[in-house]
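Here we start with a single chain on its own, the form predicted alone, put down as structure tokens.
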């Protein structure tokens, strides 16, 4: 038999998705994979029901239905303050996962280097390797998850082709300040580097934090490839509707990569989702209020239990410090947590390049009843979890 691709030799299955399967196996409350257990907005679902009886069952335009791109361009202009061309500066993709891959393949060549902040969403390292590039990891320093500007510049001195920026960040909930983004932007311009942004949590923020679109900083539109999706904003993670926004010369290449990767995103779902893209400010204000209430409920519950945790500035994840339990292997801890306590979590080591086993990731994009159930189970964590000798 011929040998398989060497580029995938170091890959495992997704630890996040694996923990969902383990949660299901033990009937655990699944706080591992970040999807809600509540319905999308009714207006979107009502439109979806209508669409099933209309003529949207064949391919749409490869890079996105016209009305979807126009609605997305209008929404982006409203929030980012920059007008964009729906015909020349947007590609609609099958989720932000494809958006990131298409962006990476559009700007990198084999042997190029790409800066990745650590902790990072697990796909970033894999995207880099699948593109034939080499990741350079720069640590975000707990508990505030700031970066050292000198360490970051040392990475830039290796002349990377791109930097990946997740803002707000999965898994640590970091919202990069404008000053931090200006440091990144200045280095990207100084070393002639692209920045690929993952902004899927742009509307899930907690006071007083604000989202700044890196592409709107001086000199950054031409070198920023913005990736996002509708998944988190409208609670439709299974619809797989993402997009890339960039300057026309970049988008022309992204279009070609996207065409050969997936041809196009689902036409009926694009049509239904246009309804959400046209929501007014009241929807996004209510979204922030809803997630603030979920965050506060969950964090207060964890405080009552007495386990140290991060406080997210954005997104809907917390990192729980499990140091007191003495585990050298956080995957083993998560597997036992699902079995013995009945709560699904993700081992923090899957997000860090550094040797790190003190964190597990939990998410709170759940109904109040689900969160209360999870907290009730976690209240017995010290009774149910075996303690390892340090």
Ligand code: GLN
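Numbering follows the first chain given and starts at 1. Keep in mind it's a predicted model, so treat the numbers as computed, not measured.
Keep in mind that the form predicted in complex with ligand GLN is missing from the display, and what follows is about it.
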TL;DR on 55 to 63, 25 to 33, 331 to 339, 40 to 48: the one with heavy atoms within 4.5 Å of ligand GLN in the predicted complex is 25 to 33
Can you work out whether residue 361 and ligand GLN are in contact in the predicted complex, taking contact to mean some heavy atom pair no more than 4.5 Å apart? yes
Would residue 121 show up as a contact with ligand GLN in the predicted complex if we use heavy atoms at 4.5 Å? yes
Should residue 232 be counted as a contact of ligand GLN in the predicted complex, where contact means heavy atoms within 4.5 Å? yes
is_contact(residue 201, ligand GLN) in the predicted complex, heavy atom dist at most 4.5 Å: yes
From the list 224, 228, 270, 170, which entry has a heavy atom within 4.5 Å of ligand GLN in the predicted complex? 170
Check each of 239, 176, 117, 317 and return the one that places a heavy atom within 4.5 angstroms of ligand GLN in the predicted complex. 317
